[in-house]
Structures are given as C-alpha cells and as structure tokens.
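Okay, so we've got a single protein chain in two different forms coming up as structure tokens, structure 1 first and structure 2 after it.
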Structure 1
Amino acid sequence: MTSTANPALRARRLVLHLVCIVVGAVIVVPVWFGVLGGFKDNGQLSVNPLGLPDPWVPSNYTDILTSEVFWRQLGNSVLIAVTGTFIMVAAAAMAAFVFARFAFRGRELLFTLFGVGLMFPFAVAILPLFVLLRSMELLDNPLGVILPQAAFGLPITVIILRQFFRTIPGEVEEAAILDGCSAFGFFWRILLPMARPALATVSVLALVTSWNNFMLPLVVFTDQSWWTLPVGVQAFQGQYSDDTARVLAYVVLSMVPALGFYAVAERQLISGLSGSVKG
C-alpha cells in the first residue's frame, strides 16, 4: 500500500484512529480516574470526579507508602510469586526433558494425565486442598500457596517446554554424549541454556498468574501478616468502604508493580501467549 495523499485513504485512517482512541479511552479513563482520585479528598470526588485535583492531596498516597502493611503485602506477593515460579519451572523443565527425549513405558499415559490437568481449575480443588493443607499444617504458611500454585501451573508449562525441547536436534545430544556428557550434564549445561527464551516465556506467564491469584491466598492466610496484594486490596476496600479516595490510592499503588512488570516483560509475555495457543 503506497502512502499517497489520497483523501479517501486519509479519511479512512482518521476513522481508524478515532476507533482506537475511543477504545483506548475506555481502557485509560477508569485508571486515570483512580490515579487522580487518589490525589483528591472525598469532597472533591463527589463534586468533580474526573477533573484535576484542586488542591492536590498527596496524603492518601503518602500514608500508604509510609505504612508497613502495603510494603509487607508487596513483599509477600513477590516472595510467593518468585519462589512458586522457580519451583514450578524447575520441576516442569525436568519433567519436560524426560517427556521430550526419553522413551519409556507409560510416558504417553503420564503426559496425557498432565494434559487433563489443564481442565482442573483451582475452584474445583480448593475445598479438599484446604483440608489437605490444614492437615499438613501449611495454613498461614507461604508454602501453602506456593506449592499448590506451582502444581497447578505444571501442566501448561510441561506441555510448552516439552514442545520446545523436542525442537533441539538429536545431534546436539549425541555430540554431547560422545564428549562424555551425562544426562544431567546435557540437561544442565546444554538444554537449559538453549531453552532460555522458552524458559523466560513460561516464567513470565507463571509470575503473572501467581501474582494475580486470589482464591488460594484468601483461604490459606487467615493471619493478615501473610496477605498478598490482591487479598490486601480487597480487605482494604472493605475496611475503608467510606473513604473512596483512600481506596483508589491503594488500588493504584497495587497496580504499579504489575504495570511496571508489563512494561519490562511485554514482549516475552505476548510471544508466550501467542506461542502457547498457536502451537
């Protein structure tokens, strides 16, 4: 398509831009309302929900940023997401290696079992999981969230990684073995480094899923000091239900890490999603 100054073409472009801007506004305006609302007091919010704050009231944000609670929830979320992702990717990579490059009896059966695991949502397992974690004394213990989350992330990760491991030519492995590499050595020194892009993709997906998980931490942590950000945000809303401006500030601050992560890992995230669906 040549970019002539054709008026019909320009009009068409204008319409396309207009559609994009309207959709973009629907996305951005609620968030913008939140960001500005956090700088208002409730009186300003009822008189003037969308305009600029007058005067600017930074106390909602500063109160939260100087409170220990917010940072602890942020820390808990980071701890749980990072540890869970690490455990999950490590276990999945090991299993995917075996599924991709070894032939053994029952391999397809086991792999199908993982495939069926895709159909199990948290909601189905949450009650017995709760009972199980209670009997293992893992309630109010971060492992009570980390381990089930890792387990539920395994199926999709094993499937993606196995697919990727299969694309690495057999000659590479043969050469490694001729050079005296053991299976462990090949996995650790050759396969994992070669699979770095795939590992990054599944890690980013797992981090986002874990970060956003709500149901599991909600039931596992009765002790507030373990709450993660989603649980904390919901509780904060309940606690300050009359103080809209303050809750807005809390929501906005809890969005910052996720959006910051998105800004950094956007490419990885998108390639992962399209890759996992397209196959």
Structure 2
Amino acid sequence: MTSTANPALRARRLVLHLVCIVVGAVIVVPVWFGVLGGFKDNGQLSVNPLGLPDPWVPSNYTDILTSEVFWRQLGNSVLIAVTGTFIMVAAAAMAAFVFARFAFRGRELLFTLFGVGLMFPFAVAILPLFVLLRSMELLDNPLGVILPQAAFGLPITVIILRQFFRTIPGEVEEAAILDGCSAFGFFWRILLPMARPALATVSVLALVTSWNNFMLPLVVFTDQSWWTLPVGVQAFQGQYSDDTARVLAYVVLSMVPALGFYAVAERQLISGLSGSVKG
C-alpha cells in the first residue's frame, strides 16, 4: 500500500511544482522583459528582447526620474490611494463592528446588500457616476476619485472585517464592559488593535486597487496636473509610441511603489486573510 501511495504522492507533487513553475514564469518573464527592456534601445528590443542589454541605456530611466511630470503623477497617486484607503477602512471597520457585535432587526438584510455590491460592475456605474460628480462639482477634484473608490471598496472590506471581528471572543467584550468600557471604547481600544492583521489586509488590497485604477481618474480628471500614474502611462505611451524602450521604463517605474508596498506588507496580508477565512 505504501509503495503505491508514494508514486502517486510524488506525481502529485511533481504536477504541483510544474504548475507553480509555469505560473511563476508567466508572472516573472513579463516583468523581466519590462525591466531589461527599459535599459535597451528599440534596436536591441527587436533583436534580443529577453537578453541582457548591450550596451546598457540607463537614460530611459534617468530621464523619467528627473521629470517633474512623473513625480507629480506619483504624488497624485499616493494622495488618492492613501486618503481613499483611510476613508474606506475607517467606514468599513465601524460598519463591520456593528454587523459583527450587535443584534438588531434587519441586520442580515443590510449585510446582504453589501454582498450584492460585489456583483455590481464598476463600468456600469461610470456614466451615472460622472453625471453625479458633475452635478456636485467634483470633476477635476481628487475627492471625485477618492469617494467613489472608497464606496466601491466597502463591500469586500466590510465582509472581511466582519468575519475577523466575529472571531474575537465575547468574553473579551464582557470583561471590557465590566471595566466600564463603552461600546465605542471597546471598538477603539481593544478590537482595532486586535484586528491589525485584518486591517492591514484590507488596506493593502485597497491601496493596490486604487493605485491601478485607470478608468475613474481618466473620466474625472481633464486637468493634466491631477493625472495619476496609470493615466500618465497611457498618455506617455501615446506620446512616445515609437520608443518602446522608454515606455517600458515608465511602466516599470510606475509599478515599483505598489510592488514595494505589497512586498513589505505581504506577511500581514496573508495572516489577515487566514484569520478572516477561519472566522
């Protein structure tokens, strides 16, 4: 029985490793192509797309890094991503606390509405959202991007945080109440510190989603001084359509902040997702 089980187990592991290698290659090869392509000229890209540059052309990167437009777009992306994430996580944490720790009539119905929000495609709402933002005079205003992004991110954030809050034992809340702690005091002083992994998880997801958002800033911002990096990449590609190497350098530099933040917060992201699944 052991002799038949071992080959089957080895075959399963081999298939799993092959799948991991293929998935890793699908992810790494384009990144490798983009990073090295930014150090080449167009002639090298056509002759040797995946090989090392010969000679290296660092001016593609240095010209972008010394450009005021790139840093302005980077600052806009940081402002919108950080502010939108803070608003969304703060609102979602309070809503999830109510759904997780309070019993009231219609609670599950209201919570179901947040679940329905996951099935509402953002593209369907772009036209009425544009009309609404125009009537509120929020076009060419960062709030015109921040508030809708926070609203569309609320459903998944509330669901994740509610599951995590429900794993906190009721005895902890009872002990806090006996010590004279109010409901908000328990939420602020005890629950939020215990929920740091979950808060980090939803914050990472919100930041990366906001960073990669292209459609909403494109619709809201007609003033180029408010463009974010995704919109800037599109404009840069149109401006330098005949210089693929320079475009690759711009794309790589626009990805670095989000990839760096994700790499730093990866452990918190995994532990937070694990906690929400267990709940």
Partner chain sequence: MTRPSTVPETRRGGPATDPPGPGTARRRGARPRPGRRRVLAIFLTPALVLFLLLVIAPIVVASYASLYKWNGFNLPQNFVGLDNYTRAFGDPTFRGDLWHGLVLIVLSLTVQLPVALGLAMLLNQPLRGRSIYRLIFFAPYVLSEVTTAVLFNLVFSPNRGLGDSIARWLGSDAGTIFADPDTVLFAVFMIVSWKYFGLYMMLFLAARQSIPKELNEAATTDGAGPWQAFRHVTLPLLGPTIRISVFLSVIGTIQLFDMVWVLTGGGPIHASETMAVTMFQYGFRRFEVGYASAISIIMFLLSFVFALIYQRVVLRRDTEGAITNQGDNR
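In this text, the rigid core denotes the largest set of C-alpha atoms whose superposition between the two forms falls within 1.5 Å. Numbers follow structure 1, counted from its first residue as 1. What you are looking at is a predicted structure, and each value in this text was computed from that prediction instead of being measured.
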Selected structure - the one that is the form predicted in complex with its partner chain: 1
Core-superposed comparison between structures 1 and 2, Met215 Cα displacement 2 Å or beyond: no
Per-residue C-alpha change between structures 1 and 2, Leu45, threshold 2 Å, rigid core fit: yes
Rigid core superposed: Val57 CA moves 2 Å or more between structures 1 and 2: yes
Thr244: CA movement between structures 1 and 2 [superposed on rigid core, Å]: 2.7
Between structures 1 and 2, C-alpha offset at Cys20 (rigid core aligned, Å): 6.9
